[in-house]
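The chain below stands alone, shown as structure tokens; this is the form predicted on its own.
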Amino acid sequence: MFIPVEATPPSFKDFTLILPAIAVGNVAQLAVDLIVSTLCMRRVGFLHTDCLVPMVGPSPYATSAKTAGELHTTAEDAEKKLAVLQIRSPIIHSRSRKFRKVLVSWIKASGFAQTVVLSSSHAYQRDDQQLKGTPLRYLVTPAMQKTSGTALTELGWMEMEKVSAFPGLVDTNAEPRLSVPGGGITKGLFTDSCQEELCLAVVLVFCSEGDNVPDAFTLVNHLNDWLLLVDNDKRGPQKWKVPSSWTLLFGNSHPPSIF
């Protein structure tokens, strides 16, 4: 259930929705942080659900003591007709299917024009064809293919390849299948969206656990080539505003006394 922070609920009609999947390295969540921080998006509400592990914390985008106590989940940029849903807590495994249904139902009821799911997948589980070219891939539902398929093809994006059901074994009867190892609800949400005829795209990057900040910049720059969220004339991380919460992303620096 979506809970607005103001008395008048916001209208998301014909907006683009961006949300992360809880996946390898939390790359998608970091990318969403960059979008919200750079565009200075205002908080408009949150999703109330029992499908996530309960948590509480200060605003990750706080710039002063005055804003440090604000929680942040759903934000919007009315001028760009853009809405972002940030997910910071792990999905309870036994309620993953229910959470996907909640998301699909809310997306349909809100009237979003298109939805973009940012995600990541284990780099070490790529097959031979996925080792070629860029580590970035995309998926689109049939409905999204009709509206944006040509644009993505013109950008030279690579579609996520289907892989053998039994890697290493030759079985002519086995059809290749979609696999997003380490992608959390990515595959399930994509499949549900295909069945519900939603305009949804998945943009993901192959990566490994570790310092995934560079992967987040790679993913958000790739997305920006399509959606043009910020000025594309600027190159590198300078065009993205890093949120204040990232200053302690890896904790405090080493104590000098150890030397």
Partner chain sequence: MATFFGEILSVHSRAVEEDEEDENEEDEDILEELDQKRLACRYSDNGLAGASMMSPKLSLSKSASVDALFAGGLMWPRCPVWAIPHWAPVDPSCTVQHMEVHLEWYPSSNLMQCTNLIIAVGSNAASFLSVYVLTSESWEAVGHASLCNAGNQNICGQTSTEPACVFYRNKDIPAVIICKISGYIEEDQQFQWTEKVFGCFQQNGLSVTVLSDSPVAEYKNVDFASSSSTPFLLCLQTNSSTINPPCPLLEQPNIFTGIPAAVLSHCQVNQIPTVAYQCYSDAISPDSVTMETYKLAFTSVGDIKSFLRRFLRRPYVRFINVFLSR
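Residue numbers count along the first chain shown, from 1. Under this definition, the rigid core comprises the largest set of C-alpha atoms superposing within 1.5 Å between the forms. Here the structure is a predicted model, which means the values were calculated and not measured.
There is another form of the same protein, the form predicted together with its partner chain; it is not shown, and what comes next is about it.
In plain terms, the part of the chain that comes close to its partner chain in the model of the complex, with a heavy atom within 4.5 Å, is 85 to 93 out of 151 to 159, 137 to 145, 102 to 110, 85 to 93. Heavy atoms of no residue among 14, 19 and 165 are located within 4.5 Å of its partner chain in the model of the complex. Its partner chain in the model of the complex comes within 4.5 Å of a heavy atom belonging to residue 48.
For the chain shown alone, residue 176 is not a contact residue for its partner chain in the model of the complex, no non-hydrogen atom being within 4.5 angstroms. Taking the partner from the other structure, its partner chain in the model of the complex has a heavy atom within 4.5 Å of a heavy atom of residue 97. Looking at residue 116, you'd find every heavy atom of it more than 4.5 angstroms from its partner chain in the model of the complex. Contacts with its partner chain in the model of the complex, taken as any heavy atom within 4.5 Å, map within 15 to 53 to 22, 23, 24, 25, 26, 43, 46, 48, 49, 50, 53. With a cut-off of 2 Å and the rigid core superposed, residue 252 has a Cα displacement that reaches or exceeds the cut-off between the shown form and the other one.
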